[in-house]
Structures are given as structure tokens and as C-alpha cells.
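We begin with a single chain expressed as C-alpha cells, specifically the form predicted on its own.
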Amino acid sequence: MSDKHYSFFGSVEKSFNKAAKYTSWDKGILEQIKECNAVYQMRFPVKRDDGSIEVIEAYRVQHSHHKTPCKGGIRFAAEVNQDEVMALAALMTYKCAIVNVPFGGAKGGIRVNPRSYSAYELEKITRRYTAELIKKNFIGPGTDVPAPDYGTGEREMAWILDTYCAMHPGEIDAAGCVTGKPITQGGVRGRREATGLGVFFGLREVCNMPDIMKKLGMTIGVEGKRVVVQGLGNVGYHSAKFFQDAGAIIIGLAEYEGSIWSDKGLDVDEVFNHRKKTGSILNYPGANNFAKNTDALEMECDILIPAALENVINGENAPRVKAKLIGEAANGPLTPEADEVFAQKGIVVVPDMYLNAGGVTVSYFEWLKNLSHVRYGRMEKRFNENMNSQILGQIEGLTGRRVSEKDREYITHGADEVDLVYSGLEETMINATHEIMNCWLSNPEIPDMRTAAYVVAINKVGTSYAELGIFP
């Protein structure tokens, strides 16, 4: 399959088939895991502000029912099509399996450019889309739980929740029908930055592995690493910010309007504010503009983080990429052709299907919070603070020494919701990284980390299907 006739779902299938060879599952089970279980394509009319009627094209794909509910974001983009939504739903299945989140994969998409619509028009589109999903039982806390994705956020999730609640009066777990909601509507603290933080935790863990770093000719740890990030949306911004806070140097930033670089390093927040003021990251004081925005992908750096859309690194430009480690923060930013080039060059690609699983992991925490109807930390925070204060007081009494105020605050602090969410996410990403690495390193025939991640996912989903006993 050449890059010209690129099918995103085809590319996911290609990666799946490559990994399936390293598993021992029956051909029929592999076929069942690979296929999308349900594809819902819909068209509905919406009245624009000028009185004209527009027919909206939208999708919801449930890739796998080996675990329910299904889970996956809804994206608003002019490029949305069935192939893309199917591919993203499939990636969600594998992603959830790898990070041990008990959901089947799903995805939704509405073919609109949100910039071309007023807030009122977007609200009408979102509510109508939700009503269509309800009609066909494609949404519900135990059925299918959407979330934000490219072009959507807390606002759209609140509209979905409100529409669902209006059509299911008295349903006690209704808040669990969608995640990524505002905090006031049952959202969880830490959800907004979750995907970017997960990218950071995953890459930090790879950077702490002596064997991998030696192979790449890099020092252990994140500090001092030269990083290029493509995309300054929610995921790209937070990925760059967490790397910067950990002592890495952000030397290049790319957005659709252009790209900038500086050997001395760029301050992510200042670039973000510059873009807010001027509408572009270009001409940022003290930085240089690239001739074309894709040049940033080919800049010499330690870590490259593509955090925008799929298919940005393909067979054509992959040979010019000079990064040693690539972290896929976006979904499908590399084509299978690019994977082959990097495998030959010895560049390690940390794959999207687990690296950007921070969003779904924290969505899982939000869903659990909605079902339990209590905020994380509410029951035990004060108890832990009082207990820690007691222990500290006893130690100070026995030693005759007092700890500094800063240390006292840290030791006695009881966990808030956001602390517990970060902690759960860190645990998830560290475990998943080691699981994939162990699979990769224990089988020398597996060519790259992506294939190892697929092997881990296929084995987990296959086990699930086998244990369900659905094959009479």
C-alpha cells in the first residue's frame, strides 16, 4: 500500500497482521479481534444561524465488545470519514487492553470544521448527534462512553451529558455516559492534561532504561534532552510543558500555521501566549521561523513528539527525520512505511496506541468516580493528614529535630483527587512501558516497539474472547 492511497484503517490492519505472526491465536479469533463489530453512519439536518439547512455527516464505531462499555472520543474535523473513525476505534481497543482499562474500543466523528460554526450551531449539532446515538443504543454508562478528541472539549461533553440526562430521567448513573466533562458536571481533576502527562510518563520511563539509552547513544533520564513537539493543542502543549518542567530543552515547536526553533530553548507558555495574542507561533521573539512547517519534523533532536494529526511522517519524509526517539502523542502520525525506515535506522518509535493512553486511563477514573458518586480523596484525605502529622510529631519528639516547613507540608499532605489521578496514571504508564519492553526484548524477532505493543494487546483481547466462551 503506497502512501498515496493511504487508508488509516488499512495501516492499523497492516500493523496488526505484522504482530499476529508472533501470537499463537486461532485465525478466526484474530479475525474477530481485527474487525469492527458495529459501524453507525448517520446523516441529519441542522438549521444554520442564517436560516439555511445543512446535512451533517457523522459516525460512531464500536470496534470491540470483548469488554463493555465501549470507549472512545468524538472528533469534530472537516476530514472525518468512516475509514479514520474505524481505525481510531480499533486503536482504542488495543490501547485499553495494553493499559489494563476494562473497555472495548470505540470512536465517533462529525464531519465539520468547528471554526466555521457558531457556538449555538455546534451545540445543536452535538445534541442532535447525541439523540441519534441514544435512538440506536450507542451511548450509555454500560454501553458506550464517548469522550473529547480533536476539535471537542468539556463544553461538548456537557451538552452530551445534558441531552442524555434529559432523555433518561432518573437514571442514577447517567453522569457515567460520557467522560471529559467539566468538574462541576462530574468531571475528574487532571483530565485535561492527562494525555500529555501520560506521554511524558511513558517517554520518561523509556529514557530511564539503560539498555535502550545505550543503544540510542543517549544519556539516562529526561534532563537536558533536546525535544521537538509538533502540535500545540491540548496534548502537544501539555507534553511540551511537562518535559520542560522536568529539565528538557524544547528546541522546536510546530503548528499548522508554521514552525519555530531556537537552540537555546523555547518557553512553552510564552510561545502559547504569543500565539494567543498574534494568532500564530511565527515571529516569536528570539526564535527562528522554519521555511515550511514540516521542516520541524526533520530537525536534529533527541526526542520528536508528533502531537497533531495522523500520517505526518510517511515513506517520503521519514529518511530525513533525525530524532533518536519518537514518541507518538497523536493517533497514527507515522505510516507503516515510516516504521520500516526507522526500524532500519535504529530509531526507537514509542507507539501511539499506548503512549497517548493517558486520556482514556483518566477517563476510566472519571467513569469510576461517576459510578461511585464520590470524589477521590474525600473519605481519607483528612485522616491521612492527621495520621502523618501524628507520626511526624512523634519522630520530631524522639529525635529532638524539626523538619523544615516545606518538608512538613509535603509529609503531612493528604492526597487530593488530582494527586490520586496523577499517581494512578503514572503507575499505569510505567507498568505498560515495562510490559511492552519485556515482550519486545524477550523475542528478538519482533522488529519494533509498535509490533510488541500490538502483540501485548492481541494476547489480552484474545484471552478475553477465549474466556468469554463465545466460540461454541
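All residue numbers are counted from 1 along the displayed sequence. This is a predicted model, so every value here is computed, not measured.
Keep in mind the form predicted together with nicotinamide-adenine-dinucleotide (NAD) is missing from the figure; the text below concerns it.
Think of it this way: in the model of the complex, nicotinamide-adenine-dinucleotide (NAD) has a heavy atom of just one of Arg75, His274, Lys225, Arg204 within 4.5 Å, and the residue is Arg75. Note on the partner interface in the model of the complex: the residue among Val235, Ile313, Cys177, Ile326 having a heavy atom within 4.5 angstroms of nicotinamide-adenine-dinucleotide (NAD) is Val235. Using a 4.5 Å cutoff between non-hydrogen atoms, Trp261 does not count as a contact of nicotinamide-adenine-dinucleotide (NAD) in the model of the complex.
Contact between Gly187 and nicotinamide-adenine-dinucleotide (NAD) in the model of the complex is not found at the 4.5 Å heavy atom cutoff. Residue contact with nicotinamide-adenine-dinucleotide (NAD) in the model of the complex: Arg115 places a heavy atom within 4.5 Å of it. When nicotinamide-adenine-dinucleotide (NAD) is considered in the model of the complex, Leu133 lies well away from it, no heavy atom lying within 4.5 Å.
Looking at 391-399, 159-167, 191-199, 117-125, the stretch with residues near nicotinamide-adenine-dinucleotide (NAD) in the model of the complex, meaning non-hydrogen atoms within 4.5 angstroms, turns out to be 191-199.
Along 283-321, these residues reach a heavy atom to within 4.5 Å of nicotinamide-adenine-dinucleotide (NAD) in the model of the complex: Asn293, Ala307, Ala308, Leu309.
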